[in-house]
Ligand SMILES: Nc1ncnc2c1ncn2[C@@H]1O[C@H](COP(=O)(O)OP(=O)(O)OP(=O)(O)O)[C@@H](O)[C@H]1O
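Form predicted on its own, single chain, as structure tokens, below.
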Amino acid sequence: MENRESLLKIENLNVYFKTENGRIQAVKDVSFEIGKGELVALVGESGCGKSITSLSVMGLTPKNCQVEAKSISLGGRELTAMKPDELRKLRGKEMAMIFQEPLTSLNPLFTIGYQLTETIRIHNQISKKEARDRAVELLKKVEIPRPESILKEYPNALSGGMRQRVMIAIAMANNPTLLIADEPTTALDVTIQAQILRLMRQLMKEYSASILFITHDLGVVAEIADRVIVMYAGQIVEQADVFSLFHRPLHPYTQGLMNSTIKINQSDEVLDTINGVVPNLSSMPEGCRFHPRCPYAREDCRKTMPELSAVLGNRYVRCLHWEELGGDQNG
């Protein structure tokens, strides 16, 4: 991390699910930091542990989930030591979250105005009129036309892009220092997606917020991220600044993600794919978790679990043979 003061710091996060077949591990020894004013992308296929990592930070994991961590701190305050009531006061004020599908996050029975003003008033001792004025201002900031009219609408009357803008307004209502965005543009068409990404970057600078942006879309990552964390099967397998990662991905999984992404100058070529699927949580392979899908796997990869090692200055990679593989040269 390039000399930024740390805002969020996670040390040795482990997440388990209690099932009928016993306890299974979804996240294993995940550690990373996000600096103040930094946008970090958390990347990987579905089932890699991205979303449950973010929910662990927010304290929003399901009842059958058990979170263990050496530390999860926000601005120097230890979240793991907080009581549920203390954590609730922090959510929505110091940290907020935007989910993939706003229609399931917004209550269909209440107007946009009610949901936005209630978010403001829960954390601030202000009048209804002051909260309404603040709500109008927030809708203007997220570039929603006719904000006074939109406050009277119900969520199902708005388009997907408009609903996502409302969710961003709700998330930013109390100037949080940390914003977690879980695949916030996946359900949107590319034009609206670009507008939302630009808006998030703009608001991030205006509010001096940090963002943890969860996605599987490397095109989005290239456009907005400062730093990238790649997860596979519940572990971090690579971490680097965005330029270094795209110029030279070191882990075979990251290389596979890059090679399976459409490039403008190669639109007529057949895309590469990563063979196989993410392993089942209840039957992780021995050794490197990626070896069953890795085209470069060797005998030691099948037996030895690689550590996440610091390499090339400020990069990290979990691979026994990253130096020999060299990494693809992606411009």
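The numbering used is simple: start at 1 and walk along the sequence shown. What you see is a predicted model, and the numbers here were worked out from it, not measured in a lab.
This protein has a second form, the form predicted in complex with the named molecule, left out of what is shown; the following refers to that one.
- Checked against the named molecule in the predicted complex, the residues Gly37, Gly47, Gly59, Gly287 give one hit for a heavy atom within 4.5 Å, which is Gly47.
- The contact residue chosen from Val67, Ala297, Val30, Leu281 relative to the named molecule in the predicted complex is Leu281, the criterion being a non-hydrogen atom within 4.5 angstroms.
- Taken together, Val242, Ser309 and Asn314 are entirely out of contact with the named molecule in the predicted complex: none brings a heavy atom within 4.5 Å.
- Among residues of the shown chain, Thr19 is one whose heavy atoms approach the named molecule to within 4.5 Å in the predicted complex.
- Interface residue remark: Glu183 is counted as part of the site for the named molecule in the predicted complex, having a heavy atom within 4.5 Å.
- Using a 4.5 Å cutoff between non-hydrogen atoms, Ala26 counts as a contact of the named molecule in the predicted complex.
- Heavy atoms of Cys301 never reach within 4.5 Å of the named molecule in the predicted complex, leaving it off the interface.
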